[in-house]
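Okay, so here's just one chain, in structure tokens, the form predicted alone.
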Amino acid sequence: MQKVLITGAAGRIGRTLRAGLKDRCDLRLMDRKPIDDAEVDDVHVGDVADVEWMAAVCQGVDAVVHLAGDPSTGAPWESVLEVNIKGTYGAYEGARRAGAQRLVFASSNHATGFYEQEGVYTTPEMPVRPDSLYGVSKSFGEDLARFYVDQHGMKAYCLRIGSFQPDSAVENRQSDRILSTWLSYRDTVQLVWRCLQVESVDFGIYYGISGNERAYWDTENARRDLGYAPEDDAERFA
């Protein structure tokens, strides 16, 4: 089994991946706070921006799924810099120093958010247009991942996560945006799992959404490159 480190494992996506991957991978968990409900004993608490510490945490792992960061689109520059930018560098560089070969990065649709504001259907190869400092930090993470592939021969997959929410949030939605942007829990697990397994591509940027009929972000390259076959469509709640 692959040894996989999940950073930010105490968060919502982290908990979902822990449950969905625990029987497929040998998991190691990391967060800045204790994980009281961890499914495994291999848990580390510390600062993802501390490169030396991260290099130690990454020893023996095959892949790093990097979720840790400030998730707020309104995050101030100080937090974006320390947690999202320095933290992403810490995760990647720690992985490299430890010999891990694969990165899966939780990017965000906010890396291209201004296209959405203008009603433009968006494909992954279009230039980034971040709608916030948070979005800027995710664009940085994508560029840094590309560098680690080209410079250090690693594999990296950047997932522009949409609206990661339970079924109930779609059913009881406050607006119809989620019918276009939803990423279900089980499709999240499938998408990350496919990034951990793929060998035919070394780098990719993919929109992380379910198979929504109303999607305005293109997922064709995830289906082609990764074999992603979403099981959910928000349209059933429309």
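The numbering used is simple: start at 1 and walk along the sequence shown. Just so we're clear, the structure is a prediction, and the values are computed from it rather than from any experiment.
One more form of this protein, predicted in complex with a further copy of the same chain, exists but is not displayed; see below.
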Just to be sure I understand the contacts: of 161, 83, 136, 154, which is the one whose heavy atoms reach within 4.5 angstroms of a further copy of the same chain in the model of the complex?
136
Each of 197, 217 and 222 having a non-hydrogen atom within 4.5 Å of a further copy of the same chain in the model of the complex: is that the case here?
no
Do residue 132 and a further copy of the same chain come within 4.5 Å of each other in the model of the complex, heavy atoms counted?
yes
Contact with a further copy of the same chain in the model of the complex for residue 121, defined as at least one heavy atom pair within 4.5 Å: yes or no?
no
Counting only non-hydrogen atoms and a 4.5 angstroms cut-off, does residue 167 reach a further copy of the same chain in the model of the complex?
no
Heavy atom contacts to a further copy of the same chain in the model of the complex at 4.5 Å, residues of 139-153 in sequence order:
139, 140, 143, 144, 146, 147, 150, 151
